[in-house]
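In the form predicted alone, a lone chain appears below as structure tokens.
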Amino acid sequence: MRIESERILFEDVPATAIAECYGTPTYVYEENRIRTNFRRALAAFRNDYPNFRFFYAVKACNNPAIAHILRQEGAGIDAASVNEIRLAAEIGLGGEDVMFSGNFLSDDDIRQGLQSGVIFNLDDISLLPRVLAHGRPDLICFRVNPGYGKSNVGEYVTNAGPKAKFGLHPDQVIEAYRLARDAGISRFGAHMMPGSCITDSEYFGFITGLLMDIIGKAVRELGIRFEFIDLGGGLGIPYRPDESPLDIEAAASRVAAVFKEKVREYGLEPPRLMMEPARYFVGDAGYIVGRVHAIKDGYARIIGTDVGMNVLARPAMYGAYHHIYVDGREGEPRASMGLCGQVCENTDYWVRDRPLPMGTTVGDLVVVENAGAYGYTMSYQYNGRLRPAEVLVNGERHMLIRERETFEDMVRGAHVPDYLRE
């Protein structure tokens, strides 16, 4: 996104053109930003460790067009559910190009995962006998909770450490791989979640060392070989204007140095190094275009827009910050205001006190920044407010990649017994 003469453009497409063609609210993704983000990160890691691959955590933004972009760039898919495995298949990826990282799986999840032939990344030691009851995969991976986690977006999304629901306790790791080895499985990987939206490059080296010490001890005791080590995601982006971005080259360099040091220390045959970010690729490439529909002056001035908590859930869920622009008014003086959506919940009053352009008025377009990750995928229907459209831009071109929901979508699949119609 850029601003020229106070007008907002996505690549070379004005925000006004998006609103005129597709209505509001609409999610907009910049294709070239996604590709640039991916290539920068891949070059950083392969520069220091050539046997490296990214998997894309499709839960962050599951539009097939976005997934296709990252497939073209060489990414595999990290799937959190069977339906995400099916989405990977829709874009032509399967087998060991897909990592199945579900948690608290049902028997049906396990059966379908085995049938798909993807890499099973088990979140708990208790899942192994349940998997073996349905079949024996050639390759097994366990998600390890290294005991530490970090997040720039709040405790609820730390994803690692004592309060997280994910992964094996370090004391369970050797027994988990022993049971897998004794069951006849001969190919192994290891995985962790380091945290969420981390912009401290040094942390990635630290957490890599913790995981490698856990895995190195398992190799020494069990005599097994690890084909890959997956460091999870966590590559962060800055959400607030005063935040510094992640130094991706420094992070990659530190990870590679620690990784190679631990490979030598434990006498490992060098495994493939993998990560499965998403936010770093798509987060700052996505935006929401909304419109101001009303302005209320009461205890405070509140700008009422069609960007509600049903469209962007993160602020209501855990107080996430998203920067807001007003098309055509970014050069104006500012005053402290609130901003809300149209949902009948006070948590939809998701901006309480923010310096916004004083002249903002009904009909103006607002643009919400950094909405490409955990934006549309977390949207939902409530109050009869339906999910928005999604649009991809590339240069001067803009293309609809998901239609706006309609009333028919809201009632599709609903059935009313005949006696209730009497």
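From 1 onward, residues are counted along the sequence shown. Keep in mind the model is a prediction, meaning the values are calculated, not measured.
Quick note: we don't show the form predicted in complex with a small molecule, though the next part is all about it.
Among V144, I288, I119, L235, which has any heavy atom within 4.5 Å of the small molecule in the predicted complex? Comparing distances to the small molecule in the predicted complex, the residue within 4.5 Å is L235.
Of the options E84, D327, D348, E276, which one has a non-hydrogen atom that comes within 4.5 Å of the small molecule in the predicted complex? Filtering the options by heavy-atom distance leaves E276.
Can you tell me whether Y374 touches the small molecule? I mean in the predicted complex, with a 4.5 angstroms heavy atom cut-off. Yes.
Although the small molecule is absent from this view, report whether A44 comes within 4.5 Å of it in the predicted complex, heavy atoms only. No, A44 sits far enough from the small molecule in the predicted complex that none of its heavy atoms falls within 4.5 Å.
Can you tell me if M193 lies within 4.5 angstroms of the small molecule in the predicted complex, counting non-hydrogen atoms only? Answer yes; at least one heavy atom of M193 falls within 4.5 Å of the small molecule in the predicted complex.
So in the predicted complex, does any heavy atom of A57 sit within 4.5 Å of the small molecule? Although the small molecule is absent here, A57 would touch it in the predicted complex, with heavy atoms inside 4.5 Å.
Just to confirm the contact call: exactly one of 359-367, 65-73, 27-35, 374-382 touches the small molecule in the predicted complex at a 4.5 Å heavy atom cutoff, so which is it? In short, 374-382.
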